[in-house]
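Only one chain is shown below, in structure tokens, and it's the form predicted on its own.
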Amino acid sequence: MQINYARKEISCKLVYYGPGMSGKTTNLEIIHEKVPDQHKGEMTSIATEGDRTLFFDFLPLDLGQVRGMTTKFQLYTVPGQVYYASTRKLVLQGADGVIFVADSSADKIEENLESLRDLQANLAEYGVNIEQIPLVIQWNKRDLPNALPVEELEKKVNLFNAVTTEAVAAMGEGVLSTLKIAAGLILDRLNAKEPGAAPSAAAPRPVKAEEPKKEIFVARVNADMISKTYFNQYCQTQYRLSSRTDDVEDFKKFSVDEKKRLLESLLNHALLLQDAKKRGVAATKEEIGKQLSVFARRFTKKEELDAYLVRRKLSMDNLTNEATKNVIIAKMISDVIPDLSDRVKITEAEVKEYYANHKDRFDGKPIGEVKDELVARVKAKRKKSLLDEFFQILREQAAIEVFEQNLS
């Protein structure tokens, strides 16, 4: 906490903590987007290799004052990857409160616990007991098919009896309410003691969590239910990724036919992930990183990639999810399609035919200059055809139910 007596202003530091790719950056980006320009500072990025720390100031309008002074909050994220321990510890210095962004996925329990214990240890280095600092745990990614029930997350992850909230940060749901609860806890604590006094031993007051909204589902794939929230997010992401221009709408409205087509794609994706899990097929961090590196080669420097994500209204979470899917698809094709190498061999005639049918995509360049790209595209088309055959087999063996009335 910093006090500017001349301005009658108190600055409070709130840090978003949690494992890698849990949604910390997405929370900050959503808040920065929604706060009016006159009440926020510029989003600042401290670059680290492979990740970044973000922060900005903002002035909340409806949280009250501390002893007659205006309150300003400084919001920070920390890099979640294990090897950025020193950066996380540094960012925590002087924190007045923490929002721990936890991934609700069943397979992320250990990562959540590891990060929470890391938070406890780093706070202890500054002489702060984790049970004495305002702490809110946000159960993020509640829309995912494999999200654990909140009751189970509370038992397994909420080691310090912290206040908890639910969110789907990628859709903006629960982001501002989480922030408001955390800010309220900090201000309550500051109002309970003289500014600058030693931290109180009292734990934050309990806050009643909001009643969860009744979830609406658009489909069932075997045992997995696909929520309308997740489906809408999927549609928007696919639109932003596949658009031929960067001029994308804030929130595109899809026709019923477009929604049906995208739902078919999502059903295939769910079937693929289910079958991959049965076969023990997964994407390693190294494989995902390699896929992301291939995508990043389209840009000469990191700032250009960041600008692309802003224009497309995407996050690194979106790109990572796509990279994960591509890695698993490649592995599954190799695993389930016999004689794959022979079946994806491309003839010269096929390359010429593709070029003749899609000349407009190559800006008039002669076939010799774009041959490598042509071969790659024809191979991708062939692999898609083989994958469609595999999806058809999976569909014949699956129990699929679509709730079309919920698509609108």
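Throughout, we count residues from 1 along the sequence that is shown. Since this is a predicted model, take the numbers as computed values, not measurements.
Heads up, the form predicted in complex with a small molecule isn't pictured, but that's what we're talking about next.
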query: Pick from V91, A270, L144, A219: which has a non-hydrogen atom within 4.5 Å of the small molecule in the model of the complex?
result: L144
- line: From L319, A170, A162, I133: within 4.5 Å of the small molecule in the model of the complex by heavy atoms is A170
- request: Specify the contacting stretch among 301 to 309, 136 to 144, 180 to 188, 91 to 99, defined as having any heavy atom within 4.5 Å of the small molecule in the model of the complex.
  value: 136 to 144
query: in the model of the complex, does L14 have a heavy atom within 4.5 Å of the small molecule?
result: no
task: Answer with yes or no whether M21 is in contact with the small molecule in the model of the complex, where contact means some heavy atom within 4.5 Å.
output: yes
